[in-house]
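Only one chain comes next, encoded as structure tokens, the form predicted on its own.
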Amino acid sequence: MSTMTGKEIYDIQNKNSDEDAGIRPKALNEFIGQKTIRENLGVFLTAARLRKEALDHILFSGPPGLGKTTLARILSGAQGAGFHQIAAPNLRRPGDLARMLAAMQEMDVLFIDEIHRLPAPVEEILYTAMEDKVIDISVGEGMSAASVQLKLPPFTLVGATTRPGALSSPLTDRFGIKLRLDFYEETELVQVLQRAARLWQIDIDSSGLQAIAARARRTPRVALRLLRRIWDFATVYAHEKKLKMVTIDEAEAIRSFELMGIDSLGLTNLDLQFLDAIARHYSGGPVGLKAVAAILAEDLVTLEDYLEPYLVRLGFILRTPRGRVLSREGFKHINAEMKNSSGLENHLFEQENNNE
């Protein structure tokens, strides 16, 4: 049986895939989920349009795969403006960002993903660009070097981050709109899947959609990837059986999940190894995330940004000042013996008292 590795988890949630580029919603009323955020953005867009101003700078935060990029594109389209996108790690020098800003047209949207990873010298250019719509550009070299101030047209900077706490205060304070996207409910994921199945012309019944939604880690991007992978299995099965068409139902979906090594909650082999490492090597914790990453030989970012948020949401992992702790529910899910149950009970009691 093939199982999904940590790298494949990252790939499942990777952005801008050609697979879902054609089904991105183009307007706020087409965007499923995040109801309060959609309503607020609608008000902000209307107000900016009435004042004939650019939309204020926006910071989207939250786990990956919830629609931050899609919302940024929708905002651009709603203003009839250009859309410019780049990941913060690709802005290595101040000049890289200065060139992008210099190319902006009036009302354009500049989307910077992983904005918490901007190098400090690059970030400093944003301060005057966001507040005063100007940037200083160095011209020439050595003794003949001079600084030229370039005025920018009104534009909107949209930053996306999975770690809002990692942003500097000067940068955070310059965003007029700060919105946090949260995990989706299963009913919302079913709606996302129904829309995608219709656009991709996938024959799948309600039980199949529900089976995918239950394993999609409360994340639309994961749901869409799983839908396509199950479609792959169904296509091959129909070919081998010489069938013209296969309707994907719950049984077919579950068969595909078993082949991919995905359990009833959407956990992969890496998730289970993560939980098992804390249980076996550290008696349930507490333990630092770096130590677990070393045991699994996995990248720390993959664990912290892509695995842990969902495990915390399930209540399998507790984040404490002393490190990560495996909960009773986490122990039960991996069928592990609670080796340090009394220690865990005491720790949970301490945390409850501290919260009070």
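So that there is no doubt, residue numbering starts at 1 and follows the sequence shown. Worth saying up front: this structure is predicted, and the values here are computed from it rather than measured.
There is another form of this protein, the form predicted in complex with adenosine-5'-diphosphate (ADP), and it is not shown here; the text below is about that form.
- Where does adenosine-5'-diphosphate (ADP) sit in the predicted complex: which of 315 to 323, 290 to 298, 31 to 39, 50 to 58, heavy atoms within 4.5 Å? It is 31 to 39 that comes within 4.5 Å of the partner.
- Message: Quick check on residue 184: any heavy atom within 4.5 Å of adenosine-5'-diphosphate (ADP) in the predicted complex?
- Response: Residue 184: contacts adenosine-5'-diphosphate (ADP) in the predicted complex.
- Message: Taking adenosine-5'-diphosphate (ADP) as it sits in the predicted complex, is residue 64 near enough to touch it, meaning that at least one heavy atom pair lies within 4.5 angstroms?
- Response: Contact check for residue 64: yes, within 4.5 Å of adenosine-5'-diphosphate (ADP) in the predicted complex.
- Can any non-hydrogen atom of residue 332 be found within 4.5 angstroms of adenosine-5'-diphosphate (ADP) in the predicted complex? Residue-level check for residue 332: no, no contact with adenosine-5'-diphosphate (ADP).
- Should residue 327 be classed as touching adenosine-5'-diphosphate (ADP) in the predicted complex when contacts are defined as heavy atoms within 4.5 Å? Residue-level check for residue 327: no, no contact with adenosine-5'-diphosphate (ADP).
- Item | Triplet 24, 69 and 220 all within 4.5 Å of adenosine-5'-diphosphate (ADP) in the predicted complex via a heavy atom | Every residue of the spot touches adenosine-5'-diphosphate (ADP) in the predicted complex.
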